[in-house]
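This document starts with one chain, in the form predicted alone, laid out as structure tokens.
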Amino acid sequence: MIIKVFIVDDHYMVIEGIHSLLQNEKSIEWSGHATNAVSCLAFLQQQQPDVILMDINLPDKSGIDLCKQVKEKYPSIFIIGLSTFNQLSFIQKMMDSGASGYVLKNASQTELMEAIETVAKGKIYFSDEASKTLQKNEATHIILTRREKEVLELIAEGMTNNVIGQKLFISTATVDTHRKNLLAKLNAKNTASLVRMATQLQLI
């Protein structure tokens, strides 16, 4: 499988560095680069890559906002957040905006390739450092009740509140309460990010 990769970063050294890491990979097709949000969106109107490596700090717009905008318009494109910041807030905001992964700019060629290949398959990828940050900050603080775990597992299977209620013999309103509690506990904005975070933290 050939994966078309595009990069959005305002530093040419980063673009050139990543390009040199990927240029000899037979499974990668270099689609090009953009140095800001405007040129990225202009490029996407002409053609769409499979994976975008997206810097979080861009000169004209936050990479977090751009990620959300791209995912709303081109849901089939997978986005990997690219940053020098290994902070929980950045990772969570990027995932809430629809990113499929988060990689630090000091990533090795092996890690970068693993990230691209993983998200291209529709899976979630965090670099080792980002993964440790998530687990250190979140896993120790999240305590789910038995019922919340049951509801979470069924949400991850794509079931609606109504179906979950029937399966667990509880009311739809009760399921909705559990869902809201789960969103709050995992600091997730929607069901998709809830499932992503729960998977990464090995809660399901």
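Predicted model only: the values in this text are computed from it and were never measured. Residue numbers here begin at 1 and follow the sequence given. Rigid core: the largest C-alpha set superposing within 1.5 Å between the two forms.
Beyond the structure shown, there is the form predicted together with another copy of the chain, which is absent from this document and is the topic of what follows.
*Although another copy of the chain is absent from this view, report whether E157 comes within 4.5 Å of it in the predicted complex, heavy atoms only.*
Taking the distances in the predicted complex, the answer for E157 is yes, it comes within 4.5 Å of another copy of the chain.
### Query
So, in the predicted complex, is L104 in contact with another copy of the chain at a 4.5 angstroms heavy atom limit?
Heavy-atom contact with another copy of the chain at 4.5 Å: present for L104.
query: Just to confirm, D60 within 4.5 Å of another copy of the chain in the predicted complex by heavy atoms?
result: No.
Would you classify L82 as touching another copy of the chain in the predicted complex, given a 4.5 Å non-hydrogen atom cut-off?
Heavy-atom contact with another copy of the chain at 4.5 Å: present for L82.
Q) Heavy atoms within 4.5 Å of another copy of the chain in the predicted complex: which stretch among 170-178, 63-71, 148-156, 39-47? A) Contact-bearing stretch, as computed: 148-156.
Residues of stretch 179-202 in contact with another copy of the chain in the predicted complex (4.5 Å, non-hydrogen atom)
Contacting residues: K189, N190, T191, A192, S193, V195, R196, T199.
_Is R179 displaced by at least 2 Å at its C-alpha between this form and the one not shown when the rigid core is overlaid?_
True for R179: a C-alpha shift of 2 Å or more.
*For M197, decide whether the Cα shift between this form and the one not shown is 2 Å or greater, given a superposition on the rigid core.*
Yes, shifts by 2 Å or more.
_Core-superposed C-alpha of Q45 shifting 2 Å or more between this form and the one not shown_ = Shift of 2 Å or more: no.
- Task: Mind checking the CA-CA distance of E153 and Q87 in the predicted complex? It differs by 3 Å or more from this form, so is it closer or farther?
- Result: Relative to this form, closer in the predicted complex.
Check your understanding: Closer or farther: how do the Cα atoms of N187 and G122 compare in the predicted complex relative to this form, given a change of at least 3 Å?
Key -> Farther apart, which means the C-alphas of N187 and G122 are at least 3 Å more distant in the predicted complex.
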